[in-house]
Each structure stands twice: as C-alpha cells, then as structure tokens.
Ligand code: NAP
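This document opens with one chain alone, in structure tokens, the form predicted on its own.
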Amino acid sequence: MNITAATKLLAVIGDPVRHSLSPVMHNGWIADHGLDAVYVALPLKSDDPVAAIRTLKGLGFTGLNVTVPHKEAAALAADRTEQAVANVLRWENDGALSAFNTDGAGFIDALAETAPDWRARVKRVLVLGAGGAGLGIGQALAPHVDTVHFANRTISRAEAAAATLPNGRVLRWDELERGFGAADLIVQATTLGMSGQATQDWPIANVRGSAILADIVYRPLETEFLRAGRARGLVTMDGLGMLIHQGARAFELWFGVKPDAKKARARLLAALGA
C-alpha cells in the first residue's frame, strides 16, 4: 500500500507482542474495506507505561490495542474510560484519549458462536487468572450467571477481581480440583500453556461432562488445557474466537465498520499453519 501523511496508524502494544496475530487480522480487514490505514505490532517496555502511552499520540497513532502487561496503564492514561482495565484506545478529534474494554464482549461473542445455548447451561463460572483479560471476561459474564469464581496464583489479585462483582468469589489455587468439578464454564485466562511459557497440570478429570472449556491462548492453537478437554469429549473454545471478536469490536470503534469474523479466522489459521 502507499503510506502517506494521511494514513491512519494503529498498533498493538505490549510486552511481548512478537507473537501477536493482530496485524494479520486488522490489516486484512483494512484491505477488505479499502481503508487508508496500517496496523503494526509495537513492543512497549517502560517504567512509566502511562506516560509512554500518552506520547504515542505525538507519533501519529490514532488507535491502539493493548495487551499484557499494560491494560491497567491504558485505562489510567486515558481521559475517558469505561473500566479500570482497557484493551482498546482511541484518540478523538479533540485530542482526548478514550479507553474501552472489548475483551469481555468479544469473549461472549465467541462463546455464543461455539455454544449457542451457553446461557441455559452456564450458572457457575471459574476464571483462571485475574489480569486484565480475566477481569474483563468475568465482568461480562457476571450479569448472566449465578457466580464467577476467580483463581489466581497471587490470591490478592483474585480477591481484587472478585470484589468488582456482586456475585464474584475467590477460589484458592490449591482448591482447583474442587473448583473444576463445580464449574459449568472454565476460562483459562493466564499465559500458562502459551508457547515458551510454563504449563500447568489442570485437573480436567474432575470436570463435569456438560461443562465448557475456553482458553484465551492461541499460540499454540490447541493448548494442553484444551487437548485434555477434547480428549474427554467436552465442548471447547480456542483463543482465536476471543481474539477475533474483541478485535472486531475494536475495529468498529476505530472505523465505524463491522468487519468479517469468518474472513479473519481463515487468515489467522493460515498464519498459524493450521
């Protein structure tokens, strides 16, 4: 494409972002709609990520996706925000920075695609991880279920996440076997199982046969968590679903256009060699 001074510049920021498929997804959608824009992956290492995010406006960025570990900093950097964690930023015409969280809504979009009857079958949710993605997912699910339990290796983070919800609860990490047995939906929202990261021996044998397993990791596409669930015949959802649907909502916030999720999945599977 011909990049000019009028070309909109967007990026995903985080540490690390080399693994991110967001540029493949968003540049594909940009081409689909003939938009004058380009999307890149931008590693952001900073002792003051709030200040670093604010300076990106001066470099010409009009919108950002935000991933680990900067989602809280993104919300703090914004002039207007919906939540305490954000995964989408947009610079407005007046120069103000707006923050949004599309993680939760994107997860629900993907869940409805995987299990259209999930509202009838899910009453108890277990979210593994209490970072920005886990919190966003838990907050989105909370109005539709009886309880949302957060389990995190650092229990104070689980307690902080649970405290944001009227039906939020805490599950100790050493009580995972009990928690897996009680949940109707288990969401793996940590980096465990991601390529190059540590793995965990999940107690999948305890999971009831009607439960749904979801993993937000997409490298590898089939994590040990999902492989163990599929071996038991459980309904499972891989990380591409949430990536695509949270991204589609971000794209609509930036451009006012709803992109094609199916085209994105085909491109991402090709990029993964799947």
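The structure presented is a predicted model; accordingly, all values stated were derived computationally and were not measured. Throughout, rigid core stands for the largest set of C-alpha atoms superposing within 1.5 Å between the two forms. Numbering starts at 1 and runs along the sequence shown.
From this point on, the text means the form predicted in complex with this ligand, which you will not see here.
- The closest heavy atom approach of residue 212 to this ligand in the model of the complex falls outside 4.5 Å.
- This ligand is not shown here, but in the model of the complex it comes within 4.5 Å of a heavy atom of residue 242.
- Proximity of residue 217 to this ligand in the model of the complex falls within the 4.5 Å heavy atom cutoff.
- In the model of the complex, residue 131 approaches this ligand with a heavy atom inside 4.5 Å.
- Proximity of 114, 226 and 269 to this ligand in the model of the complex is absent: no residue of the three has a non-hydrogen atom within 4.5 angstroms.
- Of the listed positions (76, 165, 105, 194), a single one reaches within 4.5 angstroms of this ligand by any non-hydrogen atom in the model of the complex, namely 194.
- In summary, among the residues 153, 123, 80, 178, the only one with a non-hydrogen atom within 4.5 Å of this ligand in the model of the complex is 153.
- Figure note: of the listed segments 89-97, 178-186, 115-123, 145-153, the one touching this ligand in the model of the complex, with heavy atoms no more than 4.5 Å away, is 145-153.
- Applying a 4.5 Å heavy atom cutoff to this ligand in the model of the complex picks out 68 as the lone residue from 65-79.
- In the core-superposed comparison between this form and the one not shown, the C-alpha atom of residue 15 has shifted by at least 2 angstroms.
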